[in-house]
Every structure is written in structure tokens, then in C-alpha cells.
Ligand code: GAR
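Coming up is one lone chain in C-alpha cells, specifically the form predicted alone.
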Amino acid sequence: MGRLAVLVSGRGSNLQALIDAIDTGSLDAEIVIVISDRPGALGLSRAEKAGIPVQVVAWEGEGRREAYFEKIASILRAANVDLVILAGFMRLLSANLVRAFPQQIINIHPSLLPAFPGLRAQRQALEYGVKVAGCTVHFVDEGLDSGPIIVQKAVPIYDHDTEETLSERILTKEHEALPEAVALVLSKQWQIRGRRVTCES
């Protein structure tokens, strides 16, 4: 059974998808800690309702960036986690934290990477005029949404879409993709060849 840490900044719907997958037995894992940079994040309430320990590590500003992420690294080490999941965590990790957990940190992003990295990916997709969008679960490296891709799910874009309607359609796919990617990574039946994550089963 894999030991998971989940980092959240907001409502935590992807955290809830993981909790639900564990509860139904489709994901053989345990969430041992939920960490947030925001004291009022709804994700913390979801975790507490599920009986999961939580910790708030309030953002201290760019000037304290390295010390901030070393604090998070210490919490992760103490929890003896197998996998760290960024589920709507709105901070770019420090290089030192990424190096401390090689191929043990994954992120979910609301676009079909490498298209539209960074913030407001759904708006970027609409403004660019693409016909298909989606979500990506990827390993975290030292870049911005640039690590090897584990799982992607696509959705159509309709002419009447707004940023909100597209975001909700993508979010539904995120709730499928994240537990699937976590299960694959925990299975250890994969390799990274170049940039490609290949399944070895």
C-alpha cells in the first residue's frame, strides 16, 4: 500500500477523487498527510472529514522560498511518503525539493501538455482556438509543467464554451486521470525512456 502526501491550495476536488478511489478499493494507497499553503483551503476540510492528518505551511514570500520548501520536505520525510501529489497546489516547487524526491512527485494540470503550461490553462486554450483540451498528470521536474507525462485525458471544446464550462468538463477528466496515474506510479511497472513514461506490465 502506497503512502501518499497531497499538497493543495484550494477546494481539493482532486484530493476528494483520491479519497473516493481509496474508499472504493480501486486505489491501494493511504493518504498520510495533506499539506496546504493556505489556512482556509477547502481541501483541508475534505481531509479532516476523511480523518487524514493536515498541516498548514503558510506561504512566507519569495524571499523565504528555500526555507519554505525545506520545511515541507521535512514534513514529507517525517511522514515517510512514497509519492507526493500536487493537486491544485499553486506554488512552483524549489529545485532542492524536487531533487529530494526524484520521480516521487506528480502534478495534475488542466491542459494537454506541452500546450498551455502555467496559470489559466483553460483560458489559454480558448483564446488560442484549439478544438480539443484536457488534462495531464506528469512527473514534476525543475521546470514549469515540463516533466514526463504519465496520463492524459482529452475533452472537446465547443463553440459556446466559457472558461468556466471548459474547466468543469476538464475537471471531470482530472478526477479519472489522477487516481489512474497514482495507481500506475505506485505499481512500479513503468520506466522513463527519454521523456516517455512506458508501462512495463
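None of the values given here were measured: they were computed from a predicted structure. A residue's number is simply how far along the shown sequence it sits, counting from 1.
Not on display, but discussed next: the form predicted in complex with this ligand.
- The shortest heavy atom separation between G129 and this ligand in the predicted bound form exceeds 4.5 Å.
- Shown alone here, L171 lies within 4.5 Å of this ligand in the predicted bound form, counting heavy atoms only.
- Remark: A87 counts among the residues lining this ligand in the predicted bound form, judged by a heavy atom distance of 4.5 Å or less.
- Shown alone here, A125 lies farther than 4.5 Å from this ligand in the predicted bound form, counting heavy atoms only.
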